[in-house]
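In structure tokens, one chain follows: the form predicted alone.
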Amino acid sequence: MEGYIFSNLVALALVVSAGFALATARRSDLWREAGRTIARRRPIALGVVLLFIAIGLLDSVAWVDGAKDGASGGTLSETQPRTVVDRFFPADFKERSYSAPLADAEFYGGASLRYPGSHLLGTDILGRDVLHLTLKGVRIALLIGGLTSLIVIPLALVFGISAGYFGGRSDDVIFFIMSTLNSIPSLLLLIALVMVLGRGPVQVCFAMGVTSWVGFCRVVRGETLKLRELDYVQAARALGVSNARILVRHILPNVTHLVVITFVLLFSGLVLSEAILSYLGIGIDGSWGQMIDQARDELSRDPIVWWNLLAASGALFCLILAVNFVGDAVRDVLDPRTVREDV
């Protein structure tokens, strides 16, 4: 199967899943009111997050055509798919080298541009449009934060709840694994795994997941140790309720608020971790971290090439800030201990 076809199927599955989850939530008074409260408290942050998600989905839907490339007079390769985001720009939307935002001439030399005044955020050293590159980085950032969280959170929940609820040898084995991983510098372990597994997005997400689940697992284990001693759990045991039912009905729902908080913290930390990997030269191609890494040398030029760094770091800042604001609102709505009157 071609890579772009798989990407289209994944995007379709995400849209269908989101639609099903939204339809299910709208039938529940609790979730419907929670959604209204979140939208009322953080409308701008929620809009920014939804905008980034929409851009990421549009950049995941691609198809191949044989349309003429008017700039070059040639045709696109039938094996070169273009996403919806790509189609907002001409097929050969490049210059020879640097050009400032909305400039009519090259930054060095002053030669005329092929697309004068059309590059809103300028071009990089290879002449690529910086706005296009920034939009392409959205999908990678969402993939890093989302896919890695889907690895970390279930792994930490399974091990943390098992260790805290059952105790005994299960707790000893899991705690030994956590202590072993925690004794290794996470950045060094992450670099080693990336070098062994490769620099592909899935490999990097897996490597980050392996090195990021220990902290949340400790929190879940401690919370489960407390919950298993509560009266309603003890009463369920006395009535002969199975351990599986107790875990699903009593333990897991009471750690849900931790999942929300952890997802927000993980998402932000993971996206920033990829930027660190890119700074070390082993990040994901096309990510904001790679753009920032390439832009660091441009600050020493005379005159300074500033737009590459501003675009990538600005997009990274906006996404992380918006996710933190929305996550804070979701936590306040879902955790009954933090319920407060609207102001």
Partner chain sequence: MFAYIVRRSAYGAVVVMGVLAILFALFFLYASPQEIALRAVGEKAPQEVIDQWIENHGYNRPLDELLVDHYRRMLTFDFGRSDADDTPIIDRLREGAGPSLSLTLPLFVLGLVLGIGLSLFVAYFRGTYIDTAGVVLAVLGMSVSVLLYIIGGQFLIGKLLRWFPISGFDPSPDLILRFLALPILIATAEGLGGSLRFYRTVFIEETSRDYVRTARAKGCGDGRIMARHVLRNAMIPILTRVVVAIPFLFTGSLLLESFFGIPGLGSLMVDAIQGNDFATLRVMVFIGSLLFIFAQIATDVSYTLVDPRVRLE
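This is a predicted model, so every value here is computed, not measured. Positions refer to the first chain, counted from 1.
In what follows, reference is made to the form predicted together with its partner chain, a form of this protein that is not presented.
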**Item:** Heavy atom of Leu150 within 4.5 Å of its partner chain in the predicted complex
**Value:** no
**Request:** Find out whether any non-hydrogen atom of Ile304 is located within 4.5 angstroms of its partner chain in the predicted complex, and reply yes or no.
**Result:** yes
**Non-hydrogen atom contact Val330 with its partner chain in the predicted complex at 4.5 angstroms** = no
**Message:** My question is simply whether Leu14 lines the interface with its partner chain in the predicted complex - judged by any non-hydrogen atom within 4.5 Å.
**Reply:** no
**Request:** Kindly indicate whether Leu126, Leu133 and Ile284 are, all three, within 4.5 angstroms of its partner chain in the predicted complex, using heavy atoms.
**Result:** no
**Item:** in the predicted complex, the residue from Thr256, Ser183, Ser112, Gln234 that sits within 4.5 Å of its partner chain by heavy atoms
**Value:** Ser183
**Fill in**
Checking Leu57, Ala45, Leu309, Ala62 against its partner chain in the predicted complex, the residue with a non-hydrogen atom inside 4.5 angstroms turns out to be Leu309
**Asked** Quick one: which of 162-170, 142-150, 115-123, 190-198 gets within 4.5 Å of its partner chain in the predicted complex, going by heavy atoms?
**Response** 190-198
**Prompt:** What residues in 289-316 sit within 4.5 Å of its partner chain in the predicted complex, counting heavy atoms only?
**Reply:** Gly289, Ile292, Arg296, Leu299, Ser300, Arg301, Ile304, Leu309, Ser313, Leu316
